[in-house]
Structures are given as C-alpha cells and as structure tokens.
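Only one chain is shown below, in structure tokens, and it's the form predicted on its own.
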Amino acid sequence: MFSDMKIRDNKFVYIQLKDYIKSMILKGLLRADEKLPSSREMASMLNISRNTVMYAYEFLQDEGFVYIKRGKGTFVSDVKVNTQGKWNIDWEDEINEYGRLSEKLDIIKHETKWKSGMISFKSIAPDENLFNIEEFKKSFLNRMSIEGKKILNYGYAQGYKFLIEYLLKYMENKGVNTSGKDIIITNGFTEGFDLVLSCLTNRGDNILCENPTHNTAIKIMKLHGLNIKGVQIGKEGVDLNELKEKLKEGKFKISYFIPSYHNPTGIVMSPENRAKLYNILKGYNIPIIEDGFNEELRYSGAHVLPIAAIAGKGNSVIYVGSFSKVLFPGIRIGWILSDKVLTGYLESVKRARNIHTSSLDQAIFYDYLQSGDFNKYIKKARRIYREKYEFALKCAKNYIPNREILGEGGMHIFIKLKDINSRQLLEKCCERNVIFTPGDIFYVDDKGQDTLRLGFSRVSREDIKKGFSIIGEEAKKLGGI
C-alpha cells in the first residue's frame, strides 16, 4: 500500500507522506487502531530518512489522525468518516440576483480571451519590467526588521497609520486642502468606489457620469442597482451643455468623473472645465466622486489640479485614488480622501466586510514610497510611457482608418472608427493573433460599437507597429477608408 506512493521533487517529502496517509484514512483504507509501519520500516520502504517519517507522524498526531503509544508504535485514530448518501444541491438554482448580475458583467469571462502568441492591446496595467524589485525587497526587509511582529497581526480598518499620513501629505502636494478630511486605505479603486456607493446610495438612485466611462465602475454601479445617466465626452472632457440638460431631467444622488487620463478615452479635462463642472454640480448640490486614475503619469503640459483641490475647504468631493495602474497592481493599494464624518462610516463598512487591507502590504508600500524610490520610478516611467504613447499615436494615425483618435498620454488611446463595428474587427484581428478591447463595454447605453481602446504599456514598439498595422489592414477590408 505505502510502496505505491510516488515521491515528487517539488514538495517537502514529510508533507507528501502526511497527506498520503491522511487521504487513506479519510477514504477508509486505513481503519481505527490499525498500526502504521514503524518509522524505520516506512523510511526503508520509501527510501527516505527516518526523521522525515517521524516528522510526518508528529503532524498527523497534532491533527488528530493518529495516536502514538510509546514503545508500541503509531496507530490510526478513530476518525469518523462520513459515508452517508450523496447530497447534491443544484447551485445554479440557488444563485441570487447579485451573483447572476456579477457573472453577467464579468468581462474576464465573457470577452474575447488572450491566447499565447497574441499581440495584446487589452491591458492598461504597468509594464512590470520597469519595477525596481531590488528596492522593493529592501523595503520589505526594512519594515519586517522594524515592526514585523506588528504588521503580521491584525491591523486597523482605516489603514496603516504611516501610510495614511504619507497620503495626506501626498494629496496636499496635489493642491488639495485636507483640513476636516481623512483617508481610509482600500484594496485598490474597486473596493474604494464600492465602499462609497455602499455608504451613500440606495437601489434606484440616479448617478451621473461620463459616457463612456470606466467599465469596472459601470459594473459596480449596476450591481448597486443605480440608474446610470451618462454625459457625452469630447476632446475637452465632459460636454458641459449636455450636463446641464441632464441635470434638468431629475434628481441625482451623486456623480462620478475621471478628469485625468480618462478611462477609456485618455482625455485630460482642462482646468477651466474642471472648475465649471464643479460649479455646475455645486449649484445642484450633487457630490462628486473623483477617480484619480493615472494622474501620476502626466508627462505633457503643466500640472492640473484635481477637482478635489478646486473644492478648497469644502467637503463635496470624494477622491478615490490608487497606484494600481502605475505601480505594483498586485499589492492593490488604494485610498479614499473624504470628509471625516464620511470616513468614519466608510471605516465601519470596510471593517464589516474584510476587517482591513493587508497591513504587511501597506507597510512595505509605505517604506518604498517614503524612501524616494517611487519618485525615481515615476520619472523613469513617464519617460518610457511618453515615448510609447508618441510612437503608438503615430502608428495609429498611419495605419488605422479613423474618425478620431483620443488620448493625451497615460497607457492607452481610444479610437473612433469609420463605419466599422469594432467587434467584427476584433474577430478578424484575432484570426491574425491581435487582440484589443472593443469600446462598447465602456458605454452606459448602446453606443460605442464603432470604438476601441488600445493599451500599449506592456507592448514592445515592434509589436505596436505590427499589431496596429494588422488592425488597419482588417479595418480596410471591412470598409474603412
């Protein structure tokens, strides 16, 4: 029986033996009070060390699967194995409305998938080749040596104190008045946006946003049962005249805008229009959720203040920030800057859901940020992404027939095609191993069938040229001029 066990090289042998014996006990192949081979016999049988066998037996004893009689050996415990009849539930019938809608809106499952060998323009994540891993390792070791025991225990729902203090200063450096405001750390933008909507909206409330807008935000708004009213966006940002007309149609609970490197269009709203937007919404007393998407990657023109800075001492703007599209998205560090009263409620909701964001991740990230390595990284990233953006823009103009190309930097551009359905184009491009994101998923209505988003951050210059050329060739075959 034991001689049939196959030892694998990629796993500790004592764990393999422990799991093997445990599996036989649970299957009823080893019965209560049955004696196991001695450590010497088992070691000889499997050609492993005796200490390894003894270690496995000790773990099995700790878990209650065996008992050891001194001088007599190791015996199987009386483990109650459930041998009753099979009980199956049809979980498909049990899924609630939230679960079904989540699955329906899951673009990872339902959109065209990347396959090995494809040139992919789907991602707008940072290029991991730019990450300074050695500096990050230093931050890990530094934090562990300073407060390893503390940050490996439970943390606080609001977040890691030093990171909160750093981010408050960070926001002040953006021009934001933080008096009367506070920060809560989140698992990226997604949790931050969800927390805000959970605290402030009810099913059936109206929410105002740009059209198109961030697909993940659309998903979260729909899961909260909100009525989404979109306002068209152009080269200057949101259409302010259309915004005024929308506001006359009904009462809005809250609004959501991405003023910098808008996702998906890449547009940066001008300072003048930010102020106008703020004042229009102020007149209707509609709070603003500002998405600080990719603000750190501005590499052309003067600094543009976030809307939260325009608000001054006012508390009407809720700023949701994240480093996920800039640096280390695997860590999932984001934050919400809001009025202290609101922050208190956000903290309670977060504590009820996931207690807190990883204290270890927050502490290491803080150490990396305050060491100055982040500023060095951003300087390097801006230069490289600027070069890629300029090259991608040039290739798009040269190869892809279009009505309009939008995007002022960041990690992507947005293209309006000439009388071509982007999903038909995607199907043809996939046959030639090129994939991109069709633009209709970013619209809150049935528009956008003639648009697409092209992310270039993780694509080489060679593949940008090759991929854009293929997209252009297939577009022309479909009737693009």
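The structure displayed is predicted, hence computed values, not measured ones. Residue numbers here begin at 1 and follow the sequence given.
We do not show the form predicted in complex with another copy of the chain, though everything after this point is about it.
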What stretch, of 406 to 414, 148 to 156, 231 to 239, 389 to 397, brings heavy atoms to within 4.5 Å of another copy of the chain in the predicted complex? 148 to 156
Option touching another copy of the chain, based on a heavy atom within 4.5 Å in the predicted complex, out of 51, 61, 38, 44: 61
State the residue from 167, 336, 267, 281 whose non-hydrogen atoms include one within 4.5 Å of another copy of the chain in the predicted complex. 281
Would you say all of 190, 349 and 376 touch another copy of the chain in the predicted complex, counting a heavy atom within 4.5 Å as a touch? yes
Can you tell me if residue 65 lies within 4.5 angstroms of another copy of the chain in the predicted complex, counting non-hydrogen atoms only? yes
Can any non-hydrogen atom of residue 384 be found within 4.5 angstroms of another copy of the chain in the predicted complex? no
Heavy atom to heavy atom, is residue 461 within 4.5 Å of another copy of the chain in the predicted complex? no
Heavy atoms within 4.5 Å of another copy of the chain in the predicted complex: does residue 136 have any? yes
If we check another copy of the chain in the predicted complex, which of the residues in 180 to 215 reach within 4.5 angstroms of it by a non-hydrogen atom? 187, 190, 191, 194, 197, 198, 199, 200, 201, 202
